[in-house]
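Given next, in structure tokens, is a single chain: the form predicted alone.
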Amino acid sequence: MTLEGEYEPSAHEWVRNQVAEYEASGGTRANTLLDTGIPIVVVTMRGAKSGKIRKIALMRVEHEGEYAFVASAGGAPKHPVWYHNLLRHPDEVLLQDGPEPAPVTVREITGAEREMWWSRAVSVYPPYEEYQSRTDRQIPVLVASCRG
């Protein structure tokens, strides 16, 4: 499955390269974040403003077939652009965790559900706690659920 439209690769060369290698290999190469050894997934979405297709690699935080997307931006003061893309087009999202992308629906979570997923995310990638301490904003957590 694909999203229709013009693809605009990331402005960051390492993201472009990782996404391309991951997709070309069906998830067998470039499947960890840089040199951390921590698995990633590739998320395809529609841009909130441009409408163009965008792709990013995010930490793989999976539980019973659902995935958390942590909008940490490394603790920056603003949410990452992809967060706004997902909120604007929550039903135009593909998640690739292995050979093929699958359609998902994304929703932002709060309260106890967010705390549960936050804990799962931190267990996968402990630096999220440090990122939260760097910023006054609460780092958003979104959950992706399979559509089909």
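All residue numbers refer to positions in the sequence shown, first residue = 1. Every value quoted in this text rests on a predicted model; they were computed, and no experiment measured them.
A second form of this protein, the form predicted together with a small molecule, is not displayed here; the remarks below concern that form.
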With the partner left out here, check for me: in the predicted bound form, does some heavy atom of Arg29 sit within 4.5 Å of the small molecule?
no
Is there any non-hydrogen atom of Ala48 lying within 4.5 Å of the small molecule in the predicted bound form?
yes
Interface membership of Arg54, the small molecule in the predicted bound form, 4.5 Å heavy atom rule
yes
How about Tyr67 - does it come within 4.5 Å of the small molecule in the predicted bound form, if we only consider non-hydrogen atoms?
no
Is it the case that Tyr22, Thr44 and Ala102 all touch the small molecule in the predicted bound form, with a non-hydrogen atom of each within 4.5 angstroms?
no
